[in-house]
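One chain comes next, on its own, written out as structure tokens in the form predicted alone.
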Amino acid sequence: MLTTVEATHAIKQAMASFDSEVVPLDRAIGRVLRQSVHAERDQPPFDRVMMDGIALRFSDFEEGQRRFPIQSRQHAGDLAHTLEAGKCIEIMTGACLPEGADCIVPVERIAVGEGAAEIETGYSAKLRQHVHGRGSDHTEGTQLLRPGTRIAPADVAIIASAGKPDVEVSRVPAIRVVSTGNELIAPGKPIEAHQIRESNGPAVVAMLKEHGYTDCERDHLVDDLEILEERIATHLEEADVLVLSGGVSMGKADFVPQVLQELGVEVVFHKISQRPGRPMWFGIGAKQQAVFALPGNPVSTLVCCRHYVIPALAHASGVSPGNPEFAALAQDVAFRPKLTCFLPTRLVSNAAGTLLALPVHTNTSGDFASLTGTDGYVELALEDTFFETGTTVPLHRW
């Protein structure tokens, strides 16, 4: 069996990168940027007024002048006026600083009457106060965004400020999610005492969409070789990525590895030294489709999807790797046998602000109801079987 690190590496090595495409900016949210974005102009592109009030020459104020005849009024978007000595210009937030002005006095500090603005007694002004200097945020040509950024609302603002109506992003992969098993019945359909509800398919699709992979369709197949081969072949033709759940262990009806082999999917590995999820299978199809066959127990399915499928999709999309997270165990944990343990946890903080992982032990790998309220899982190394309170361990959020 591969270790978890070896399995992750093998998946990244085998998967092909997804193509890029150009989309309008209003469709770019959540997509992975595949180009650099540089500043179109200095930001701000002019000395920008930051307060409603009056613009004046600081030298006039410094010489003791407190009453200023109002020369004109300038709004945001107006061409910059030229200020005459000894006068002021009524100014609005966002406007260009008038030529000759170098100080803004807020409207709350002045009284206006008879065509003049008088500054309140005792007010202390400073040179260039309330002026957002040209290029003080960044200068023309500065790299604002790098390839690999998953575009957030703030990034949309940055791209728009760079004058780009569209942007190059990774293509959203077509993903097909297939659950297998005679015992599984979809919600809303009549169910017998010996059957259980199908939950893995909806949960996997939800996890994929939550992480930005929206082109997902799901199917459920019974444990019949002919049906499995026919339907999985169709999904392989349609999909960039196929995620299966169930049918990958050693049972008499675990047909998935056999079917995938017959369909020309080359196995990269089968089984990982971990719990839950040891029977996981991964391979590459004839058209470079990535195929993840996850164990059927619900906790195993969700953990394997989060630990292998989601990072693999991010890697193929060109997402820049983030910094790893860690948390300290809130209690002792004993674990046997020697396998990497993925232990669901709730996160809390102590008085010192340290992030603590409170283990949530599932009854079995089928006890998915125990995952409610968990924030993710911690990774306990296979070399050890006992972990003391306070041990720092890797944290993976759902």
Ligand code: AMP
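Model, not experiment: these values are computed from the prediction. Numbering starts at 1 and runs along the sequence shown.
Just so you know, the form predicted in complex with the named molecule exists too; it's not on screen, but the next bit is about it.
Of the heavy atoms in residue 196, some are within 4.5 Å of the named molecule in the predicted complex. Residue contact check for residue 224: none of its heavy atoms lie within 4.5 Å of the named molecule in the predicted complex.
Residue 295 belongs to the set of residues with a heavy atom inside 4.5 Å of the named molecule in the predicted complex. Using a 4.5 angstroms limit between non-hydrogen atoms, residue 183 touches the named molecule in the predicted complex. Note that among 78-86, 316-324, 123-131, 197-205, the stretch whose heavy atoms approach the named molecule to within 4.5 Å in the predicted complex is 197-205. The contact residue chosen from 90, 155, 254, 229 relative to the named molecule in the predicted complex is 254, the criterion being a non-hydrogen atom within 4.5 angstroms.
The listed set 98, 247, 277, 283 contains one residue whose heavy atoms approach the named molecule in the predicted complex to within 4.5 Å, identified as 247. Along 88-108, not one residue places a heavy atom within 4.5 Å of the named molecule in the predicted complex.
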